[in-house]
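One chain is shown next in structure tokens, namely the form predicted alone.
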Amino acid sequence: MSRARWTPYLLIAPTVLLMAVFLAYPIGSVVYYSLQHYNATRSWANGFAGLDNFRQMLLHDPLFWQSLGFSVRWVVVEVGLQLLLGLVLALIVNETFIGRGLARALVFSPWAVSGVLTTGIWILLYNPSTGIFQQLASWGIGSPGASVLGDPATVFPATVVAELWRGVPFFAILLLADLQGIPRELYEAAEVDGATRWQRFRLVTLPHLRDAIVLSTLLRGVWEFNNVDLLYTLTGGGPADQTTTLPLYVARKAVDSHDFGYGSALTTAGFVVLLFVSVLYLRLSKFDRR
């Protein structure tokens, strides 16, 4: 009986050990350094800081609040639009029509493109001298030489469109996989009962997609909150820090300024925000509860 009791723990011990090494240790290190003055360019001032970094961050750093606010705005807009467009595309390619295989390949292809290559494509498209807006200006639409990434009025929608191109296929893939698991008999029964197309979608399709939607929005929300490559390459956080997310601000402090203590404090704050929102979201959505 003693051997049977300990066997499951022995079997999961390698996984627990790997999680401790690759998850617990990095998280613990970041928390530790967040309590330190640790700047590689000012080694004489390094030492225990207590809560000084957090006090500076919360009370005397307006860029922290600005970057956090933009991160929230970025996540809400991106995830909302990606979910809506991804659901529409999934419903379209789930239908039977000629060329459906090609349509699915075209819909899913942006997801296979690397992040750096994606930003390279959109940099060329947004180029004020040779990009799409210069072409439109030559047709009399807009003004020539317009830089959508350098204008505070257009930089946000421009970056949103670029990330939509990359993120929509993620939702389309997941939702299409779930759509194909819905029994056709349910639609046939609803149609016999006189349900309209909208009623079939609302009463049959959406309830079956509920868990997939909750999980995909949560995962995508975390990824978009931590988005660095696209915004860093397209705008560098500008103009005037208007597209600086919290991870970009962390990179600026820790990598560019070598202030690893303050960067760790910013990272810890981001981790706490994500953890709190994720737990709250799962509780409110009643994920995996029928």
Partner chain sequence: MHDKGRLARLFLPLGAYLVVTLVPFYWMLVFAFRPTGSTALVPWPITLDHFRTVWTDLGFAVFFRNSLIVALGTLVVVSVFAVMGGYALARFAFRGRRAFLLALLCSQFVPGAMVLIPLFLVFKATHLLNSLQGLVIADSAFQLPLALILMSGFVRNVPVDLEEAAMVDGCGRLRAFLAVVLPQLRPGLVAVGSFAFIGSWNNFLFALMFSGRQDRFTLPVGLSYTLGEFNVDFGALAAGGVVAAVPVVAVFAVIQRFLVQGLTAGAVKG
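Keep in mind that what you see is a predicted model, and the values were worked out from it rather than measured. Rigid core here is just the name for the largest C-alpha set that superposes within 1.5 Å across the two forms. Numbering follows the first chain given and starts at 1.
Form predicted together with the partner chain: not shown, discussed below.
**Student:** So which of 148-156, 198-206, 71-79, 120-128 is the stretch with heavy atoms within 4.5 Å of the partner chain in the predicted complex?
**Tutor:** That would be 120-128.
**Student:** Considering only heavy atoms, tell me if residue 242 and the partner chain come within 4.5 Å of each other in the predicted complex.
**Tutor:** So residue 242 does not count as contacting the partner chain.
**Student:** May I ask you to state whether residue 64 is within 4.5 Å of the partner chain in the predicted complex, using heavy atom distances?
**Tutor:** Outside the cut-off, so no.
**Student:** Flag residue 111 as yes or no: does it have a non-hydrogen atom within 4.5 angstroms of any non-hydrogen atom of the partner chain in the predicted complex?
**Tutor:** Yes - in the predicted complex, heavy atoms of residue 111 and the partner chain come within 4.5 Å of each other.
**Student:** May I ask you to state whether residue 271 is within 4.5 Å of the partner chain in the predicted complex, using heavy atom distances?
**Tutor:** Heavy-atom contact with the partner chain at 4.5 Å: present for residue 271.
**Student:** Identify whether the partner chain in the predicted complex is within 4.5 Å of every residue in the set 35, 84 and 87, based on non-hydrogen atoms.
**Tutor:** Per the other structure, none of 35, 84 and 87 touch the partner chain.
**Student:** Quick check on this chain: which one of 137, 186, 160, 92 has a heavy atom within 4.5 Å of the partner chain in the predicted complex?
**Tutor:** In short, 92.
**Student:** Between 250, 49, 231, 57, only one gets a heavy atom within 4.5 angstroms of the partner chain in the predicted complex; which residue is that?
**Tutor:** Result of the distance check: 250.
**Student:** Since the partner is left out here, which residues of 5-20 would have a heavy atom within 4.5 Å of the partner chain in the predicted complex?
**Tutor:** The stretch 5-20, when checked against the partner chain in the predicted complex, contributes 7, 8, 9, 10, 11, 12, 14, 15, 16, 18, 19 at the 4.5 Å heavy-atom cut-off.
**Student:** Fitting the rigid core first, would the Cα of residue 11 be found 2 Å or more away between this form and the one not shown?
**Tutor:** After core superposition, the displacement of the residue 11 C-alpha between this form and the one not shown reaches the 2 Å mark, so yes.
**Student:** Take the rigid core as the frame of reference and indicate whether the C-alpha of residue 279 shifts by 2 Å or more between this form and the one not shown.
**Tutor:** Stays below the 2 Å threshold, so no.
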